[in-house]
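Both blocks below hold the same protein chain, though in two forms, and each is given as structure tokens: structure 1 and structure 2.
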Structure 1
């Protein structure tokens, strides 16, 4: 607590987490101002809306990745889970024995049942992660890279290395393409907003949410104080896989196709936006709100690079440089504050 020398009253001090989130909002404002100066017509209402809404899938992934990073663990399997869930939802829905083309034939299940089974398979990947990490104490980055390849490999087997996009029922594409009445905002964006709000409430207002920080700060001390560390980690890994599965369902519905190489590299983008938002890679520090700010920063940089007609190679390089500078700025700001 700080004290006001004139009145002697104690003033609440802003936490490092809140300070860093506000600092990254300032970084976002600076980057956005620079983009407005160098990119023609960047400051337009439609473009600003696209910046917020275009990366809904990375933000949904970032929720689970953020929670696990706060505990000091990684989840690099989310990209593979997206591909697997999307492919399974298509395969389960495709008509049975309707064509001589093997990629046009599926199991002919109703859409709701197909989606439910696909999400169950996604949670199964999370359960595999949880078993090896929480029970067998295998490093999370090793296991989740393995399950990423496992999930994507199964998707490639089902699609024969191509994609499945025929013999689908009409309702398959509804949820991914539907928009809010009178707007161009897709239902997927609304799902993202609801999930972020729920994650924020969970993080700040529930006992389980606060225990995530305890586990990240000191896992052994948390265990000795009665926190069931293994159970919490297992729940978070299955939650992260479920969020990846929901993303896979929405993307497959949007494009009406199950593609085995979909979401390649998304796990790294989810990690980047979490780090940009101030989540500590060592655990015990960070927030979903910060992750959301990090996602907008990355979206502004990507949109600006596209507006400047830069090649994908240059866009990738610029994103890397901006990420590096933003994280350095975070460390500098926290060190100066101390």
Structure 2
């Protein structure tokens, strides 16, 4: 233990959370170094940029999922919400009565209105989650797995199990493909960075952010300490759904298509990066910054596996092994610290 001799008071010790985030940054550095040695052309600015930007959609999802995990709850509906929002935005925006093909006909709404309504529907899914979990106290994993299927089911009905990608106005493809002036960094990536920064500020500096940790650390004590636990959980579920909705809009715009099986399994990816980033599945512990580091770790491994041109089975195995080892190392480090 270090002590500050001058004032005689103990210096604030590094919190477990900062320790873990730093530790995972170390793990990231090691994995990155190995990848640089093994994979040709891995160590270059362009590739580093790819690694940070490739997973922007999972990182946006990760924000909501991380907050909810910290409160001790799951959100498995985010992948379904992406599909639903994407499909709805396309359907709302497709021209009305322009083709004999039902999948080419939509409601003919202006783009902004279509996006607004689609996001509203996303928040609606969040509200369903919130109602059952915060009000009726049903375990979150059950409800959100249910709404995951509900959201994707609606998306499949609207697209007849396939996709809608015709008779869309040009502005539909704008936000998803436009790059920042003078760069090839896309708006989606900027959105991700801004959201992560906002989430960091929210989590670390605001009263509401602090209450996320309180609820996760001890929900009953939170209630008895005057925290409106139900209302907080409800807002977080709606926030998570909104973030998934924004992701869905951006993804749909990127390919100018609403695909009903888009983002299948992303809820698990979001969960994995949160766990890799040290978020505790029991609640009360973790951070958005850690989740971000976790996402980068996963991205490095994925990118290296692609660069090595391994067969799909080996790629899958390597990703699994690295994820497993990283989480193991993390738990080990935390235990040693205690």
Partner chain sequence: MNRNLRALTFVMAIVLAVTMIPAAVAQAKPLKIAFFVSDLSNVFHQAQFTEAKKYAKAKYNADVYAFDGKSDGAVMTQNVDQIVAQGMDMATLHIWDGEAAKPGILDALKNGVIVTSFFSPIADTGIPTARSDEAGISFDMGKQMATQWKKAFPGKSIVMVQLGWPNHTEVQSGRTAPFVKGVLSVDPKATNLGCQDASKGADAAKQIVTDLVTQHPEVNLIYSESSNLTVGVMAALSQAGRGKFANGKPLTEIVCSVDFDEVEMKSVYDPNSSLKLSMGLPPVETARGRIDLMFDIKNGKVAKTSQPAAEKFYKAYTVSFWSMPRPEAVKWLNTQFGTSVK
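Residue numbers count along the first chain shown, from 1. Rigid core: the largest C-alpha set superposing within 1.5 Å between the two forms. These figures come from a predicted structure and were not determined experimentally.
- Structures 1 and 2, same chain in two forms; the form predicted in complex with its partner chain is found in structure 2.
- The Cα position of residue 40 differs by less than 2 Å between the two structures after fitting on the rigid core.
- In the core-superposed comparison between the two structures, residue 314 has its Cα shifted by at least 2 Å.
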